[in-house]
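Below you will find one chain, with nothing else, as structure tokens; this is the form predicted alone, and questions on how it binds or moves follow later.
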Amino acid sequence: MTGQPPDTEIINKVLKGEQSAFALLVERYQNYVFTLVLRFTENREDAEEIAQDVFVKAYRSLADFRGDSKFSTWLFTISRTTCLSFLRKKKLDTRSLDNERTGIQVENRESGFNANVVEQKSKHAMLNQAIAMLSPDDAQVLNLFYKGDQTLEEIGKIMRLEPNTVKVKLHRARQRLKEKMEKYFAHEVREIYAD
């Protein structure tokens, strides 16, 4: 992000009345929020609607952001509560991670169809399937740490746990994920690492 202002600088501009600066935050975090939201619902249209709601709520509550954690952590909390409220209203099942359709939005924005991209998508889909087999707590801590790029302290704030407890939970979740991978995807894992 060289040359781009930090989140706190943009937030200060918005709070001082420069509302158009909020578009920079939306642009910066729209894929992040959409990916999070899509994990809770398998309907793309619902995910788009919820993602918009998340940014509206974030804009309205921006003055409440204290900067104790990363902006992305704060945005994650808004995303999660917005999803849960939406799903309660619709009386749908909450899902932590589901099938391949909901897989990771690939960070690399190349549009080519080369073998490496296809292989990466396959690995992500397999990993998502294994994570979906875990308990919601295990899936959440793994997603926050690896996909959300959150620190143990930030995860602790989100999950209302001490950082040491998060560290233990993360270790155990990794072990359970490894067991699922070995049990259900042993052949695929061997193929990937045979190269």
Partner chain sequence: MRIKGEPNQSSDHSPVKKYIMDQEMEQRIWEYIDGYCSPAEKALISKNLAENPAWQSKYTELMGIHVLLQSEEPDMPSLRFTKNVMEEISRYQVAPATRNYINKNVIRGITAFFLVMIIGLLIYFVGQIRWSGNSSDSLLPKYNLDAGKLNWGKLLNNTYLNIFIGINVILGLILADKFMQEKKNTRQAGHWSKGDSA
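In this text, rigid core is short for the largest set of C-alphas that superpose within 1.5 Å between two forms. The structure presented is a predicted model; accordingly, all values stated were derived computationally and were not measured. Residue numbers count along the first chain shown, from 1.
Here the subject shifts to the form predicted together with the partner chain, a form of this protein not shown in this document.
When the partner chain is placed as it is in the predicted bound form, are Phe40, Ala132 and Thr165 each within 4.5 Å of it, taking any non-hydrogen atom of the residue?
None of them does, since no heavy atom lies within 4.5 Å of the partner.
Taking the partner chain as it sits in the predicted bound form, is Phe185 in contact with it (heavy atom to heavy atom, 4.5 Å or less)?
Flag for Phe185 set to no.
Just to confirm, Ile10 within 4.5 Å of the partner chain in the predicted bound form by heavy atoms?
Contact with the partner chain, no.
Is Arg66 a contact residue for the partner chain in the predicted bound form, using a 4.5 Å heavy atom cut-off?
Judged by the heavy-atom cut-off of 4.5 Å, Arg66 is in contact with the partner chain in the predicted bound form.
With the partner left out here, check for me: in the predicted bound form, does some heavy atom of Leu144 sit within 4.5 Å of the partner chain?
The answer is no: Leu144 has no heavy atom within 4.5 Å of the partner chain.
Residues within stretch 153-173 having a non-hydrogen atom within 4.5 Å of the partner chain in the predicted bound form
Result: Lys167, Leu170, His171.
Does Glu179 shift between this form and the one not shown by 2 angstroms or more at the C-alpha, the core having been superposed?
After core superposition, the C-alpha of Glu179 moves 2 Å or more between this form and the one not shown.
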